[in-house]
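Coming up is one lone chain in structure tokens, specifically the form predicted alone.
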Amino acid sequence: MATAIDIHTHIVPFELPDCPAAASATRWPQMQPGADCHHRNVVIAGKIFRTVSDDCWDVSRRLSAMDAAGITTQVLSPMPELLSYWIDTRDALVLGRAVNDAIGAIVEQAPGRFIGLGMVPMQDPELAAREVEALMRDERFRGVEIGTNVNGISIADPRFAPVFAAAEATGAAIFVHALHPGGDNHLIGSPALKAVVAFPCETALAIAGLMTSGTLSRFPRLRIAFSHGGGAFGLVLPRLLHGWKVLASVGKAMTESPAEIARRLYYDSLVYDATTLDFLVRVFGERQIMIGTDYPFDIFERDPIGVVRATGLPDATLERLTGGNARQFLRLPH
């Protein structure tokens, strides 16, 4: 397999700009020194949100890790907490452009090895749409990353239509990542369970909402991908399909079969299990799954190509999963 594209990796810049206004100061992310020169602390609201390593910003370290894993190209998106939908819109624009500049700088340092997905201020959909348009005029970027909700409001809400319209019109790819999941108060135990258990449920809700709201039918040419294999949606889909067939209220919500819509969407391979990945290929289609690792965070998949190969799928399908589908999603030249 000559090309392997990892569409789910994150960056955190070494530095972030100072907060421009008091309105956003309490939740403005800051970068502070860590325990050694290889680590920095992301501080939000006066508390360490996460300690990150220099893999987040050091190009040489990323390239070494990519070569070891057999990854040709990484698609870079912000650490989701940096999306900062909860701060003032004007300040979010400052922060977003700084993070996008950091992504762009990494892309420039290793031509052909990195591709950017930027961030936009979803708390102002019209402004976010204009930022999508601006990013798509920058050859370092192929689209944007957005969260599953914006301050508790699903991205399926009609107010976010301008963003999807801009993405469809400009050809921008959208990568949807779970963010601040609902229902996490039901989890008992480590705070890490939010990412382990609640994120997949949150992603499934976002996909279902985009279907039942009619968003995905109104924008049929939208290229949109979902993190963590679409979360729990692969198992939710048969139930939704049955409801669409037998319940009038569910049927009215979607003018086309949810199974057909699901096979237009893209999903990363980040399910940590070859059997589960094989199931998703069968449910969503062999042209819809792409490698995703969550590099460089603790939960990242260390052997993404090994998991894909362990499915035992035909070589042509493996080629699509490792690189071909990502090329289609990102509209890369062949």
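None of these values were measured; they are calculated from a predicted model. Don't overthink the numbering: it's just position in the shown sequence, from 1.
Heads up, the form predicted in complex with another copy of the chain isn't pictured, but that's what we're talking about next.
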**OP:** Using a 4.5 Å heavy atom cut-off, indicate which stretch of 275-283, 43-51, 59-67, 27-35 touches another copy of the chain in the model of the complex.
**Re:** 275-283
**OP:** May I ask you to choose, among V250, A169, A110, A105, the residue with a heavy atom within 4.5 Å of another copy of the chain in the model of the complex?
**Re:** V250
Original post:
Between the options R218, R239, R263, R90, which residue brings a heavy atom to within 4.5 Å of another copy of the chain in the model of the complex?
Top reply: R239
**OP:** Spell out, yes or no, whether the shortest heavy atom distance between V99 and another copy of the chain in the model of the complex is within 4.5 Å.
**Re:** no
**OP:** Would you please decide whether T255 lies within 4.5 angstroms of another copy of the chain in the model of the complex, comparing each non-hydrogen atom pair?
**Re:** no
Subject >> Partner contact for R137 in the model of the complex: another copy of the chain, 4.5 angstroms, heavy atom >> reply: no
**OP:** Flag G143 as yes or no: does it have a non-hydrogen atom within 4.5 angstroms of any non-hydrogen atom of another copy of the chain in the model of the complex?
**Re:** no
**OP:** Residue by residue through 184-199, tell me which have a non-hydrogen atom within 4.5 angstroms of another copy of the chain in the model of the complex.
**Re:** N185, H186, L187, I188, S190, A192, L193, A195, V196, V197, A198, F199
